[in-house]
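Just one chain is shown here, as structure tokens, and it is the form predicted alone.
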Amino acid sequence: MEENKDNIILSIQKVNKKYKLDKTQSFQALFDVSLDFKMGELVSIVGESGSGKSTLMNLIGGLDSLFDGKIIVDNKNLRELSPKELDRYRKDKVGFVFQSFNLIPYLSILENVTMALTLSNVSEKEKEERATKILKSVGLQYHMKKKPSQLSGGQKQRVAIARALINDPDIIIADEPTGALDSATSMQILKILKKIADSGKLVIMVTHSEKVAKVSSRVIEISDGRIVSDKINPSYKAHKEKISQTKKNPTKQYLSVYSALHLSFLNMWANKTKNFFMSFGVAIGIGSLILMLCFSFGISNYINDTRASFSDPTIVTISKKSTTSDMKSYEQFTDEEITNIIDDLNKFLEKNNYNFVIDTGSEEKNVTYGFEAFATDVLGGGLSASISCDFNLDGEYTEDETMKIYYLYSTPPYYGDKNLIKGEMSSSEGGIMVNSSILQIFDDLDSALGKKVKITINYDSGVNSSDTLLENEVSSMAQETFFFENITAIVDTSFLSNYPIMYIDYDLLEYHFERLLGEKLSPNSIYIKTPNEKITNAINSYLQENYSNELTGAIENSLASILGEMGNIIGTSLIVISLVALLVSAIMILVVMHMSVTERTKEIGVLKSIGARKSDIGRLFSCESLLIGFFSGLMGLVVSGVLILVAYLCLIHLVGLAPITFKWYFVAIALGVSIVISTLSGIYPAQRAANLDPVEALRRE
């Protein structure tokens, strides 16, 4: 070999290496090691276990940069390189061949060899071309699609050599390259390594074998961290020849997201049983969340749809709030109160440029009045009522022929044909309407229509008995009187449909009050007809902001709000329970990913030895978490579909109603929540993997 200083590729100058054992003690593995290596050398470093061979190789390979002294490559001291520069050095300048091969089991031979190129974001076409040439040079061109488990020991070592050569490095470091092989196979591997050295590369072998040392061009002996001999083998003959050369890496030195996803998927597929059950656990939480969302939306939509079917978006309903704790007590409006409310609303509408005026006096008035009351008891200032059949005015009434009215309701203007079951809507010209509860005293709805019924009313004005109520001195105590009206229609009364309800036109009710009791009926409801829903909402918002302690809306709206709040509470509670399940799933993902890092520690060390950056390792495990989340989300949609179907069939069968609403964006929610939870759960394991020390990782068995 030529004694030309310009031919030196690697120079080690007074290198000392210490390992810290604890806060006060350390162990020195290398003492003032100085060596120069030239291109084309096939060097064997020999020594007993613990002599410092592997430590020296780790320093030369850039796996460890904590040392004193200098290791010069391309006029740069490895000790002074940044972590990223060391990654680039391992990727471009050094190729590792390990005793135990360290092939990645879930990748094909081709994918193992091209891993360094994958980390460099080289195109698929170029990767395959370069790998094919290298594999052909080591006699494995017909095994590229196989997995490592399908190869012999010698073939695996040749794959490891091909992987070390793929980036055309200047230095090949082989750690006991024949230690796990038989004699014949060992000689084949040594011939390949010699051929690599003859092509002009520096090949450094760490070995215990004298046979390996004898075929080397140079043998360096190390003992207790010191170089004890450095001899040239005079019988070594170099044969200058070229092996398949490759291109240097492109400028973009990173693992692409696509490649990371591809590698993550291959690993997941190799462990598909474990990943399936983990994803299924997350899917149950996702499916439960979607089911709860369907219930929450379904209940809310059912309430809103039901309310909408019994209301008119262009009607504002105003009622007084009770001044007592008794919800059955309804306060009546005075004329002055009505005037003040209308005037205030008109000022609000004018100030905000709404082209609408509330009119109470002209022929085109848009205000009507109503009266409603719970009618089961005689209350102060209240009313009770009952309906009974009276075909003979002098007849006796039995208990079976009488039905107490639960609620008396002057017909609101938003009731119309959409609420009609049978008959015709009543007006001030006469007649009443009832709901289907009239079947308590009639055999069917048809037989009830047109029948004249006796309506008995007990009314208490709330005035003390010593006071004079009216000019005709009607007693202020509860007055009982009655009148007769035909049943003109059966209507559906929404939320109150299970209770006996009587509907009567407000003007007709007012007429009977004045005729029978001599008293003017004051309304406790005001109805304002607006031109559109926008103005309705504006008025309702204004009333809520300024009169929330004094006024309220229609009973349907009040009941819908109560039921809606209950539905929201139930839906929220169910969603919270589902989120707890998802939290458990997230912890499970974290644990499994943590275990995956432990299981793949050696793989991480191999990746770092061929130039993988911290960000590449982190991206690899983050992508695996993302894929787990994605597949868990897809599985969660299937689980939610099954749960929704079962819930729907059960509810329809048991109660005849299934308030379940599925929205298209639940798909996005399922995937999004699953991916976010899985990705967040994978952050710590990914960081742990990225921060693993490559030397320690490669030692892990």
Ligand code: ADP
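Only a predicted model underlies this, so the values are computations on that prediction, with no experimental measurement involved. All residue numbers refer to positions in the sequence shown, first residue = 1.
Not on display, but discussed next: the form predicted together with the named molecule.
- The partner is absent here; in the predicted bound form, the one residue of Gly61, Gly40, Pro659, Gly52 having a heavy atom within 4.5 Å of the named molecule is Gly52.
- For the chain shown alone, Glu48 is a contact residue for the named molecule in the predicted bound form, at least one non-hydrogen atom being within 4.5 angstroms.
- Put simply, Tyr665 is far from the named molecule in the predicted bound form: not one heavy atom of it is within 4.5 Å.
- Using a 4.5 Å cutoff between non-hydrogen atoms, Ile675 does not count as a contact of the named molecule in the predicted bound form.
- The named molecule is not drawn, but in the predicted bound form it has no heavy atom within 4.5 Å of Leu637.
- Residues within 4.5 angstroms of the named molecule in the predicted bound form, judged by any non-hydrogen atom, belong to 52 to 60 and to none of the other stretches in 52 to 60, 667 to 675, 32 to 40, 648 to 656.
- Residues from 14 to 42 that approach the named molecule in the predicted bound form with a non-hydrogen atom closer than or equal to 4.5 Å are Tyr19, Leu21, Phe27, Ala29, in the order they occur in the chain.
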